[in-house]
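A single chain comes next, written as structure tokens; it is the form predicted alone.
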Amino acid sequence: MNTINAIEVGHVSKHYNGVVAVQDLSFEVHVGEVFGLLGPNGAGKSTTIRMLMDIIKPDSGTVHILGQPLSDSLKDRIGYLPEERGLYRSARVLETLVYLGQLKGMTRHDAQQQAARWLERVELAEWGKRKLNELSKGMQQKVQLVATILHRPALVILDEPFSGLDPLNIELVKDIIRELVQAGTTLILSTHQLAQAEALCHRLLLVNHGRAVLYGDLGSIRARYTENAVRLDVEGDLDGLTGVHRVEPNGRGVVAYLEPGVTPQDLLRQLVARDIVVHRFELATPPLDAIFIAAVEGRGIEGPEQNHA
């Protein structure tokens, strides 16, 4: 097992004119995972990313990337897609990608080959000779993604990568993220589209007012916010079930809230004993957006009935 983390941040703080942007923040990103860096606007996400990239210096604390402090040579092993886009709008797509690849240490021949391959992958092969200002916002976004990963970086940082994309292209980008991780790339994902983070991230850090609010693997975080409840879609009468203190509508089914000490298995045995047809039976775990809101507001989840109805 590789004991070197892709990123290690220790007790980092940053202030601007006396205003706290990041306060005593510590976290690790494991090699080969998708790590979600989430938070509301102004939470400190962008400041954290800029410190990771050595764009700004922390006031205190340490940052190690791929096992060492960030250096100019190490930057060639990182791909960074900033939230603020910055392509040369009057330049041609393929020429731009080749130029940016060479800046990251690629030979011209390798940059041309990889650019052509990736343009094919993002369905823009026929646009290689067109100027960037002739492309739609979504197409430009895909070109910027290609520029970020063209040089085969070991670490990729994506800040709002789904901005401007339609649902089909969101799925395309998600597939590319999965392919990169499968190939061993470590990826940090910062996005307001929490459904995408939920689908992709292994672990996450939620920051608010510059401090860590939630940190860890997604399953453990969900478990902390999950009530003893089951989401059901059944055919039959649920009145009089032992150990159920209330049943509430939820979309096409219901959520059954269980009394303390009663397990979902206890409920399932009762349903089977009553010959109730069960089409759906699952723990009523809250989605990431509900956890996000509850954590930021400092309260518990008000009920699984708010999840996906």
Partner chain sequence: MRKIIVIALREFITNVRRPGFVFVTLLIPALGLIGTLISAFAGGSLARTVGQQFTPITRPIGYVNQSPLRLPSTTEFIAYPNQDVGMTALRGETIGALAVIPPDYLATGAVTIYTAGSELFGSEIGTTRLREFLRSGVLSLVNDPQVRERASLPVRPTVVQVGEGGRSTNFNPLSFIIPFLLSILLIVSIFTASGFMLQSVSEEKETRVMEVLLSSVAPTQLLTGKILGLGALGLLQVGVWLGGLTVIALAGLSALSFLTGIQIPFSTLLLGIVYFLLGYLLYATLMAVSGSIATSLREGQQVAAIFTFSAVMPLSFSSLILPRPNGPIAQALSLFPLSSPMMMMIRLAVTTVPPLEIGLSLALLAGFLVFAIWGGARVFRAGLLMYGKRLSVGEIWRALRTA
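Predicted model only: the values in this text are computed from it and were never measured. Positions refer to the first chain, counted from 1.
The next section is about a form of this same protein that is not shown, the form predicted together with the partner chain.
Among R211, H192, K104, R203, the residue placing a heavy atom within 4.5 Å of the partner chain in the predicted bound form is K104. Though the partner chain is absent from this view, in the predicted bound form it lies within 4.5 Å of a heavy atom of just one residue from L87, A116, L180, L155, which is L87. Here the chain stands alone, but in the predicted bound form its contact with the partner chain, taken as any heavy atom within 4.5 Å, falls in 48 to 56 among 239 to 247, 280 to 288, 48 to 56, 261 to 269.
In the predicted bound form, the partner chain sits beyond 4.5 Å of every heavy atom of V234. Looking at L168, you'd find every heavy atom of it more than 4.5 angstroms from the partner chain in the predicted bound form.
When the partner chain is considered in the predicted bound form, E95 lines it closely, a heavy atom lying within 4.5 Å. The partner chain in the predicted bound form comes within 4.5 Å of a heavy atom belonging to P82.
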